[in-house]
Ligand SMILES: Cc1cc2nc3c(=O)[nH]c(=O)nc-3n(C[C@H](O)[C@H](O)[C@H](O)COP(=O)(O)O)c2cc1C
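Quick heads-up: it's one chain on its own, the form predicted alone, in structure tokens.
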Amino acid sequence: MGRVDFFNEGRVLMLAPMAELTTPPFRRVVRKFSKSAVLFSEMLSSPAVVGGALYNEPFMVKNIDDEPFVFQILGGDPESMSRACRILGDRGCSGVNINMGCSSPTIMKQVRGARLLKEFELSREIVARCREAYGGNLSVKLRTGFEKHDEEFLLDFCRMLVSEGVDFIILHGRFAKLAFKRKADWKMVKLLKESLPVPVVGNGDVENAGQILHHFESTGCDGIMIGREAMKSPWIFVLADHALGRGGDVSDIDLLETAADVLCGLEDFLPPELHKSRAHRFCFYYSKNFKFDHELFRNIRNVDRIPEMIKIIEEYLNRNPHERIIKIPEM
């Protein structure tokens, strides 16, 4: 697939890559609400991609309507990362994204994810090798620093990424040691946008369409990536399109129907040993749509089978029918 210009019409919306969450069934539901959002795979381990690990295959599947679609890879070895880029590019995608932002202690101990922010030359080699191996859109997702927000370091690091051929950069507005504590600092997104010759995408604590509009206007960024809120509200992309004045079909949201769509997709698509973990991960976020979310999720967590989880949601809504439909105002 040739190189796609994500940013030719400006103000791009992206679904964040999230381990155990941005599964093909979930992406399929997001695509029902939004035809234009750029979708990302789960975080894929480069050694698993290169080694052809069977357990990894379900996470590498691309839906027929996923495009525009990006694979994200994680790793710390330039050879493995470059080979993974080539393999994923051959499978067909609109881009490959290099993870330099994951703050999981386990990941960072392996000198992967956000730990690469402390390895300037290694990161340079990884990007250079990936650029050599893959001709499509190559991007990096990273944080504002390792132990603190560090403007000088961030600019030097990102200029290096650009010099090695990165097409755009995604910045999560926290430094690595924060994980998901405190609020994301969108001033750092603005700094990058004003300092780099490539598109900049902001990420972190996006909760509603009005906030998306504010971030575009206050930072001038080229795109906004949405993670946890998209898991709770897969329809947020079409609401954002309306806030940005570019239309999109949207109607009232049936929370039971949408939950069942994702959960049944997980059951149909993923191997049985992944049903419980993936369904619980999705329900952790999706349950936040309901008033008694803690009670609901506690009940879901106590069962192993997806049909039982759907039944629990259905029974909850039978007791609280006023919560089933989210009314979308006229736009």
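Start at 1 and count along the sequence shown; that's the residue number. No experiment lies behind these values; they were computed from the predicted model shown.
The protein also exists as the form predicted in complex with the ligand; that form is not presented, and the subsequent description refers to it.
Asker: So the ligand isn't shown here. In the predicted complex, which residue out of S123, N137, N99, S233 has a non-hydrogen atom within 4.5 Å of it?
Answerer: Here the answer is residue option N99.
Asker: Using a 4.5 Å heavy atom cut-off, which residue among E164, D77, D185, D205 comes into contact with the ligand in the predicted complex?
Answerer: Selected option: D205.
Asker: Any chance L154, L191 and L196 all have a heavy atom within 4.5 Å of the ligand in the predicted complex?
Answerer: Per the other structure, none of L154, L191 and L196 touch the ligand.
Asker: Would you point out which of 145 to 153, 214 to 222, 197 to 205, 79 to 87 contains residues with a non-hydrogen atom within 4.5 Å of the ligand in the predicted complex?
Answerer: Single hit among the candidates: 197 to 205.
Asker: Taking heavy atoms and a 4.5 Å cut-off, does M43 contact the ligand in the predicted complex?
Answerer: Yes, M43 is a contact residue.
Asker: Using 4.5 Å between non-hydrogen atoms, is R281 touching the ligand in the predicted complex?
Answerer: Looking in the predicted complex, residue contacts with the ligand include R281, since a heavy atom lies within 4.5 Å.
Asker: Within 4.5 Å, heavy atoms only: does A16 come near the ligand in the predicted complex?
Answerer: Yes, A16 sits close enough to the ligand in the predicted complex that at least one of its heavy atoms falls within 4.5 Å.
Asker: Considering non-hydrogen atoms and a 4.5 Å limit, does the ligand approach Y285 in the predicted complex?
Answerer: Yes, contact at 4.5 Å.
Asker: Quick one: name the residues from 51 to 81 with any non-hydrogen atom within 4.5 angstroms of the ligand in the predicted complex.
Answerer: Residue within 4.5 Å: Q72, and no other.
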